[in-house]
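Taking the form predicted on its own, here's one chain by itself in structure tokens.
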Amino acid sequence: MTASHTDRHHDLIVVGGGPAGMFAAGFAARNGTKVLLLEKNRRCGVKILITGKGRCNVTNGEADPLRFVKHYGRNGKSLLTALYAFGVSDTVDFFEQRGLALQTERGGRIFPASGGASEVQKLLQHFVKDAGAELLTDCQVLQLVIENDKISAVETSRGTFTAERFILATGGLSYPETGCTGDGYLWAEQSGHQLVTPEAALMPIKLAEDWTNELLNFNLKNVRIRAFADGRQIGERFGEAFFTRAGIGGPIILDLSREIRDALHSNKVTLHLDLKPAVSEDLFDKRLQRELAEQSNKNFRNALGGLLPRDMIPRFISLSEIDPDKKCHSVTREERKTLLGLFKDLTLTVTGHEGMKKAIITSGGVSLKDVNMRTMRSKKVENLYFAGEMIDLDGPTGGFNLQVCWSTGYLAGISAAQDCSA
């Protein structure tokens, strides 16, 4: 349902039609509140369409709230009320009761069994409509009108709208082409809220090595990566990664990116890649010796097929600096040790990160000190609530950040609805 030209006053206006905003609008409307949802894009949920490589990792199967919140670091416990109000099992029920089957994959990641992100987006739009919320898309909010320490209206590209209560769910700064341009941060600051400096989070890393674009089709599965700053280890992850045109990405890189980002301010940062983490260095050295012995009369270029995917072999030969036409029985101990190092400790030099354009989320945002996390209501502006990525709460990959949107969007929506009817 689209807001008519004359329908200018509502109980509640939600600004931002992402996952948190749609949840807030839908659940508030289900409570009988007259809700208007404003979205600057032509449709809601644009960013949802690119989450999880188009598959949309809706949540994580870590169901215990006390363990779940540990994934968000020092701010995690602040999510507890929202998570108890609408937790992982509630998220699963929400989608499955509306006909979207889900499946749990490695690491507890929960995805749609089929259809992916587009099905999630369609389902959420239907939820908003079926709940009775009014939706106005292609509507740019220009500013909040604040009178007597309360918001009285929003001025938009489609005119001015008034309400009793307002929810800001405008997202962060990541993937700006989806409409995340930080408008909500500006309005929060203008209305007296403290802002923790927004920074890119969960983004690919740039490397000095220029050969990564040769291996774009190769996934690094079950590898271990350690990050070092000036020789001091700052993080370690095990799982999946992949090379990019400018460096390296993938789940474990994204989860290391915060430590890397912070360390880059004043340190030389390197990544150390173990392609065979299940085998000790000594055991893998013996395997290398065995492989070379069994193929002693073959050229070295033909000796790595049992150890590496075909696409990686030319690059490994180049990095080893072993003559590819050398017979395997002629490979020296020193050359073999160099080869061993490539498998067990391939060193990569970090030059930077991909920034907001490629970041999955934004860290920082509206300070939690200025938000009552039991209701999501502002402590500075009586009739204002916050939800989703724009607050200073973010977690690792694996569905944790979308769960923040579902939980805080739900809590903000029902809190604002209850306050409207009080």
Ligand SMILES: Cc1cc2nc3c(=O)[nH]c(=O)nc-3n(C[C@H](O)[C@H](O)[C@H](O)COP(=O)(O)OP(=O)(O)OC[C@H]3O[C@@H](n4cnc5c(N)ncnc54)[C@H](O)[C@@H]3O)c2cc1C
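Start at 1 with the first residue shown and count on from there. Because the structure is predicted, anything quoted here is derived from the model rather than measured.
Keep in mind that the form predicted in complex with the named molecule is missing from the display, and what follows is about it.
K.L.:
With heavy atoms only and a cut-off of 4.5 Å, decide whether Thr170 touches the named molecule in the predicted bound form.
P.N.:
Answer yes; at least one heavy atom of Thr170 falls within 4.5 Å of the named molecule in the predicted bound form.
K.L.:
Report yes if any heavy atom of Tyr410 sits within 4.5 Å of a heavy atom of the named molecule in the predicted bound form; otherwise report no.
P.N.:
No.
K.L.:
Ala359: heavy atom within 4.5 Å of the named molecule in the predicted bound form?
P.N.:
So Ala359 counts as contacting the named molecule.
K.L.:
Test of understanding: in the predicted bound form, would Ala20 fall inside 4.5 Å of the named molecule by heavy atoms?
P.N.:
So Ala20 counts as contacting the named molecule.
K.L.:
Look at the candidate spot formed by Thr33, Phe127 and Gly132 and say whether the named molecule comes within 4.5 Å of a heavy atom in all three of them in the predicted bound form.
P.N.:
No, because Thr33, Phe127 and Gly132 lack any heavy atom that approaches the named molecule to within 4.5 Å in the predicted bound form.
K.L.:
Taking the named molecule in the predicted bound form as the reference, which of Thr104, Thr270, Gln140, Gln289 has a non-hydrogen atom within 4.5 Å?
P.N.:
Selected residue: Gln140.
K.L.:
When the named molecule is placed as it is in the predicted bound form, which of 387 to 395, 25 to 33, 62 to 70, 371 to 379 ends up with heavy atoms within 4.5 Å of it?
P.N.:
In short, 387 to 395.
K.L.:
Across 392 to 415, which residues bring a heavy atom to within 4.5 Å of the named molecule in the predicted bound form?
P.N.:
The stretch touches the partner through Gly399, Phe400, Asn401, Leu402, Cys405.
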